[in-house]
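Take a look at this one chain, the form predicted on its own, written out in structure tokens.
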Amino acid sequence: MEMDQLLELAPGTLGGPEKLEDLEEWNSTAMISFIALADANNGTRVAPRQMVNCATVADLLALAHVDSAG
């Protein structure tokens, strides 16, 4: 999953434990992009209401069934 690219960060910036609330780049546009990316990359359907419980990048990746942030 290209979370770094999605958030327009340098490759390798995100490791997983980063709190979403601390990421200036994490906004409604990034949320929509994440949903589309999860579906395109592995066919995982992620609903916005599911993302409400995600506090970290790792939480998002687990929701989308992805192993790493990079």
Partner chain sequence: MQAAVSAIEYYLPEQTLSTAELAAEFPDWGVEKIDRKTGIRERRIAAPGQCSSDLAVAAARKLFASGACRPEDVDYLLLCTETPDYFVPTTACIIQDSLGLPMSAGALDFNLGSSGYIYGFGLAQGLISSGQAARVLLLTADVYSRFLHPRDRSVRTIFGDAATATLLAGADLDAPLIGPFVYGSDGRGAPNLIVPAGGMRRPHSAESAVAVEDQAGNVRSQDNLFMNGGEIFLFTLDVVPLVIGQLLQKAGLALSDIDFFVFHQANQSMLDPLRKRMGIPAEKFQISLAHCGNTVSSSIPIALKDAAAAGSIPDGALVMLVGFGAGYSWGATLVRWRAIGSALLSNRNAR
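Numbering follows the first chain given and starts at 1. This one's a predicted model, so the numbers in the text were calculated from it and none came from an experiment.
Keep in mind that the form predicted in complex with the partner chain is not shown, yet the notes after this line are about it.
Chemist: So in the model of the complex, does any heavy atom of Pro17 sit within 4.5 Å of the partner chain?
Modeler: Pro17: no contact with the partner chain in the model of the complex.
Chemist: Taking the partner chain as it sits in the model of the complex, is Cys54 in contact with it (heavy atom to heavy atom, 4.5 Å or less)?
Modeler: No, no contact at 4.5 Å.
Chemist: Quick one: does Ala58 come within 4.5 Å of the partner chain in the model of the complex, counting heavy atoms only?
Modeler: Ala58 lies outside the contact set for the partner chain.
Chemist: Contact between Leu63 and the partner chain in the model of the complex at 4.5 Å, heavy atoms?
Modeler: Answer no; every heavy atom of Leu63 is more than 4.5 Å from the partner chain in the model of the complex.
Chemist: Within 41-57, which residues come within 4.5 Å of the partner chain in the model of the complex, counting heavy atoms only?
Modeler: Heavy-atom contacts to the partner chain in the model of the complex: Arg45, Val46, Ala47, Pro48, Arg49, Val52.
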